[in-house]
Each structure stands twice: as structure tokens, then as C-alpha cells.
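Consider the single chain below, provided in C-alpha cells and representing the form predicted on its own.
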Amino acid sequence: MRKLIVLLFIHIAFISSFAFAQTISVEAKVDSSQYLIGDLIHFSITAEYSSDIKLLKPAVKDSLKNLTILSIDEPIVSEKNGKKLSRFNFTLSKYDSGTVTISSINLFYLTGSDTSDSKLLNLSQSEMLNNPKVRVIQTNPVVFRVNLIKVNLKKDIKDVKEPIKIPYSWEELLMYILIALLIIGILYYIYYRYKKKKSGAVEEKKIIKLPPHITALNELRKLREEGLWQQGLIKEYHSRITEIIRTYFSKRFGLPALEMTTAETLSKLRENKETEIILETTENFLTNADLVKFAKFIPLKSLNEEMMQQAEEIVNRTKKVETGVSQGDEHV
């Protein structure tokens, strides 16, 4: 009997120490309780857990559905007092005023031998909730307020401040010198052509007019080679790629797309049977570009590449091959 009691105490102590070793806590927070419409909202989830726990991705889609997700950073992992710390950072925005509540977010994790099971990493949220090997802990709800911008209508309109004068650097001076040399070269070329024409020697020049789809594909290829978004020029990249597609619509379908809004362009495309196959792709393409250009949306790297693929798909699926143009002419 005494041996049985001793074994029972040992078993309880073992279970208690195991449960104590596997500890985890989470905290969700924002960097302020008050924002203005359009402000950047920095939201973070911090998890502190023991080394025998493997953390999985948090399921944020449903909890953040009333907010615009501008960017999701890679998690920052560190150690503190023998425990691991993982921080998930999100940049959000809200374009309506009012009180906003981010509800509790599920954070999934594995313990013990289950941490080596790679199949569990690719489960959906519903599958994780129903899998006995996957454990879940919820964050605290987060509440903040988005306010309208206050405008005092009684005050007079103030004058615009004078521009700040910045001294020229040697790089800028070199650029101006090169521009001046280029202008001189152009003026000399015009003078040379004028003199040559006046002397009676007229140079014949054959003008080759390329079909709209060839011109568009060549411009897309050049844009890809420039690597604008890879250099951080995200807005310039999206402006250029939409300008190429809108120009293509103008030349291919006689549609003044460069002067129309996205809604007007899509409305006109729906009236044309030839564009039915690319309506959904075009809507996603133009909507994403508008978010970047006008809503200061910061897209993921994969979206920038997807924009190029969508642009090439729009052109290739609606191109009209004209007679007299060989395949080799498509990369002039």
C-alpha cells in the first residue's frame, strides 16, 4: 500500500512538471487608442511560450475583415528568460469613422512529438480546430476608435508656405549638364535635318506600325526588365503597368480608357463580347492598382508579380493577329 501511494505521488509530480513546462501566453494590441481616418494602424500579436511548443500561424482573416490589411510582416522570433517570443506585426487602415473591435484571434500551436509532424502545418483553420493534436489559444479583444478629421470652418484659409530651398548636389548638377548636352544634340540634329532637306536630299524612312498586342507585350517586357517594384518604386510600377493596359484597350477596342475611371472602363468592356473572357482578371488588375495609387496600399511581393502575369494574360487572350506580321515581329 505504501509503495502504491509513493508511485501515485511520483505520477502526479511528473504530470504537473510536464504541464508546467508547456506554457504559452498571448497578447494583442495596437499602438494607439485613437486614430484618424486613413491612419496607419500598427497591430501586433505577441506570444510567449516554452521551448517544447511549436507555434503555428494565427488565423486573422475573420477578425480583421472590417479593416484594410496593408501589409503582414514576417514574425520576429527571440528568446527571453529561457522562453521564446514570437511577434506578428500587421499594418492596417480604416476608412470609416467609429469604434472598432478586433475580436479574439485563434493562435494554433503543437506540443511534444507533434511538433515534428509537417502535415499539421498545412491544415486549414477549421481542420486545425477539429484536430486533437493541434492546440489553440485566443488573444484578448482589442478596441480603438477611428475619428473624422476636424476642420475649423471659422478660420481663414492660410497661405501656402514657401518651398524649402535645398542646395544642389553634384549628382544633380551632373544630371542637369547631361540634360543640357542632350538638348544641344537634339537642336543640332534638327538643324542638320533642316539643312539636308533644304539642299534637296530627302531621306526616306519606312514606318512599321505594329499591332496593339505586340506593342503592349513589348512595353510589359521592358517594364519587367526595369525592376521598378524590386527597387521600392511600387506606385510607379503600378501606374506604368495600368497605363500600358489602358493604352492597349484604346488601340485594340477604340476605348478611351486613359481618360476613364476603373468603373467606366469595366462598364465599357462588358458591352464588348471579345472582352468577356478577361473581365474578372481586368477587374482584379485595375482594382489592385487603384488601391496602390490612391489608398496607399502596400502590396505583397507576390501581388506585384501577379499584376504582370494578369497584364500579359489580358493582352494574350484578346489579341488580334493581323496578316503580314510574323511571330518574330512580336519582340521588336
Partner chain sequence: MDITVINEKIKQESAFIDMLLQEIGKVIVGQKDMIEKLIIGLLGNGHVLLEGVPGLAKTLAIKSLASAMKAKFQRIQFTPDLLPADLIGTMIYNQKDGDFTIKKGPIFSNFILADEINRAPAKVQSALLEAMQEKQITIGKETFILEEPFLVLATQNPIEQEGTYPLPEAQVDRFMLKVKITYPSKEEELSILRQNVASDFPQINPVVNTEDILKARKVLQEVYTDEKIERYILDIVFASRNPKEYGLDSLSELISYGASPRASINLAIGAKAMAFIRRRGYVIPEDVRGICQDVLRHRIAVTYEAEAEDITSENVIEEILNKVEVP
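What you are looking at is a predicted structure, and each value in this text was computed from that prediction instead of being measured. Positions refer to the first chain, counted from 1.
Form predicted in complex with the partner chain: not shown, discussed below.
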| item | value |
| --- | --- |
| Contact test, all of Ser239, Glu259 and Phe297, partner the partner chain in the predicted complex, heavy atom 4.5 Å | yes |
| Contact test in the predicted complex: Leu67 vs the partner chain, heavy atoms, 4.5 Å | no |
| Residue contact check: Arg87 to the partner chain in the predicted complex, 4.5 Å heavy atom | no |
| Heavy atom of Lys235 within 4.5 Å of the partner chain in the predicted complex | yes |
| Leu56 within 4.5 Å of the partner chain in the predicted complex, heavy atoms | no |
| Proximity to the partner chain in the predicted complex, single hit among Glu264, Glu27, Asp52, Glu305 (heavy atom within 4.5 Å) | Glu264 |
| Selected contact from Glu283, Asp290, Glu48, Asp39, since only one has a non-hydrogen atom within 4.5 angstroms of the partner chain in the predicted complex | Asp290 |
| Location of the partner chain contact in the predicted complex, chosen stretch of 251 to 259, 79 to 87, 210 to 218, 102 to 110 [non-hydrogen atom, 4.5 Å] | 251 to 259 |
